[in-house]
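Next up is one chain by itself, shown in structure tokens, the form predicted alone.
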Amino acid sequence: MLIELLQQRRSTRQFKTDKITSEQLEQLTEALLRAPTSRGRNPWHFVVVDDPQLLSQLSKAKAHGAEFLAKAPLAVAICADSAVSDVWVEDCAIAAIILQLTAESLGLGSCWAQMRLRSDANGHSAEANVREILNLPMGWNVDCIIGIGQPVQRLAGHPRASLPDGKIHRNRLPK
């Protein structure tokens, strides 16, 4: 059940050195291609990275929050051609969570590294850095990179009581 995956999922930033199997990779990539998009435009492109040198470079593409990519056995750069759809950001975000939930269903951990609107330690665009590292065309935007692998430690999901129930509103907000 999906709710069970959501209840157990946690961001994983420490991975075992175990490689992703070809069967797992096939399921992860199929899930990406099945992600819904606005008007079926499919503006996204996915760059699957398992080369340790590239993973190390990607881990430094932004100033903070991507270091875990250096030790991940797999990362997926979620990119889009913004000329194809004006809602490419949303389409990429949907694909990213589909990927993360699929990883969880396969017993893998994952973590999101935001690239869009981020910069590296020198103030350069993280998107431009990723574009250069992965040889992406100028028309492609980089939304995020998802690191995936076997978790070193499996943490329990957040307890139901810790969820921010005050963020749920019924019908409309009071005046």
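Residue numbers here begin at 1 and follow the sequence given. For clarity, every value in this text was computed on a predicted model and none was experimentally measured.
Below, we refer to the form predicted together with a small molecule, which is not included among the displayed structures.
task = Could you tell me if all three of Phe15, Ile148 and Pro151 have a heavy atom no more than 4.5 Å from the small molecule in the predicted complex?
result = Not one of the three qualifies.
query = Which pick from Ser38, Gln114, Thr29, Ser119 sits with a heavy atom within 4.5 Å of the small molecule in the predicted complex?
reply = Selected option: Gln114.
key: Option from 57-65, 133-141, 120-128, 40-48 whose residues, in the predicted complex, bring a heavy atom within 4.5 Å of the small molecule   = So the stretch in question is 57-65.
inquiry  = Just checking whether Arg10 would be counted as a contact of the small molecule in the predicted complex - the rule being heavy atoms within 4.5 angstroms.
reply    = Taking the distances in the predicted complex, the answer for Arg10 is yes, it comes within 4.5 Å of the small molecule.
ask   = So, in the predicted complex, is Lys19 in contact with the small molecule at a 4.5 angstroms heavy atom limit?
value = Taking the distances in the predicted complex, the answer for Lys19 is no, it never comes within 4.5 Å of the small molecule.
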